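Only one chain comes next, encoded as structure tokens, the form predicted on its own.
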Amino acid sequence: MNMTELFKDQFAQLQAEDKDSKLSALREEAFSAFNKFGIPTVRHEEWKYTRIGTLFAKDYKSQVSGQVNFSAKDVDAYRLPGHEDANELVFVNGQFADKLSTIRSKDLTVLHLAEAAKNEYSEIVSKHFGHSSDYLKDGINALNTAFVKDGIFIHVKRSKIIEEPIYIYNITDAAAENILAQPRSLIYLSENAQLQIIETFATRGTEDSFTNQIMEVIVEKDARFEYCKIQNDSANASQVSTTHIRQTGTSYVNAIIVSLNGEIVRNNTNVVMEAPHCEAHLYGLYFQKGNSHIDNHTIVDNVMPHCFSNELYKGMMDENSTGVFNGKIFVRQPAQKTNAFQSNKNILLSNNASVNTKPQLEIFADDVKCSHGCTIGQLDEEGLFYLQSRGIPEKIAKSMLLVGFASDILDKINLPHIRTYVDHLVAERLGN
């Protein structure tokens, strides 16, 4: 049975089991979109350098059958530093595990998405759920929505500051068989609210895992959202991870993506500025080796005037790794006085490593300040020679230069223990 037929059978099973859910109609529409778009190939411009189709040639466990056997003790191996004072949300094989999750902040609401869709939050869900599909018109995005069931809804009430960050653990249990996991979350920050989220991905076992994840975030007037995604999964783990942020009121967003390991990793990071005077910062650091492939696609859509965005992505590619950066900035006609900046810088540490980079601007307004640029090069030989001439061994000298290169991104991580944790991961990658 091919994957399309398998998904058809699994979808019919899910709809039969969950036919009374408010999400049923949304799933039906999404599955029709999946059948229309199919799995992207290299002929799809947005997937030109990422052969995602190879992942669908594998057999995966059914997405709608069986309970996941995972305990709190099992989660301990994946907890982040500072977890004792954090809100911890656990997904196992794409399903939200509320019994393994801990909510410590009294002003934080966390519900199953299906529950939120039928209570006082139903208007928010119906208005904002699935908005990412307006920007990501492909079968991968549609597939996640078609199988949404155990997603989560997070709400921060007006003027509430959540002091304790949210840690989201996406864990895939591939100890016995290949797993396709599809976590889903919808996050709503009301006016003047503040929230920090740290998200990680991990695979247990040696079988193949594929995580197709979507997070949609709505940030209202005077709200502040800070987000950090850490991808350091095993070499048998692949991901398509979408973070879609809508600034529906004048607000502040800071998003950081750190990608250190995985087989095929694709990040879609979108920021839609739907109100005047919004501010957004997007930072990315990718450090790949082996045969890993990293693909970062970003969109900053300036819909309204007087918005500011700054985007900086840096890559270090070693051994046979391959990378892609595609960054789009849209400036719509009403978005006068826009300030939008984008930069992508790459260092190739091996003759076999490669990067394809494509920064793009589409400007329909005439009173704006926008710039973009990209660089691909090797380690600074003069800097390396200088350090070695001062008695520093070559390996340490290279590490110092690479840490300096990465520090522009790492410095943007505001939680001290998470910054220290990521510093340690980078040092491990450098062999220090």
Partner chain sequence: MLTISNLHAGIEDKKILKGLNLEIKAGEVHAIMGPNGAGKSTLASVLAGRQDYEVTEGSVEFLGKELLDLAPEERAGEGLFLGFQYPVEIPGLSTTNFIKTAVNEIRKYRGQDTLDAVAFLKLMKEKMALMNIDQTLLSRSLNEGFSGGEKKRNEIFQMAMIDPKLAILDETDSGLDIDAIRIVSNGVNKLRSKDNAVLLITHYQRLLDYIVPDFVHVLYNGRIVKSGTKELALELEEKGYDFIKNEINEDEEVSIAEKH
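Positions refer to the first chain, counted from 1. Computed from a predicted structure; not experimentally measured.
Form predicted together with the partner chain: not shown, discussed below.
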{"item": "Non-hydrogen atom within 4.5 Å of the partner chain in the predicted bound form for each of Glu381, Arg390 and Ser407", "value": "yes"}
{"item": "Proximity to the partner chain in the predicted bound form (heavy atom, within 4.5 Å), stretch among 35-43, 399-407, 365-373, 51-59", "value": "399-407"}
{"item": "Glu394: touches the partner chain in the predicted bound form, heavy atom cutoff 4.5 angstroms", "value": "yes"}
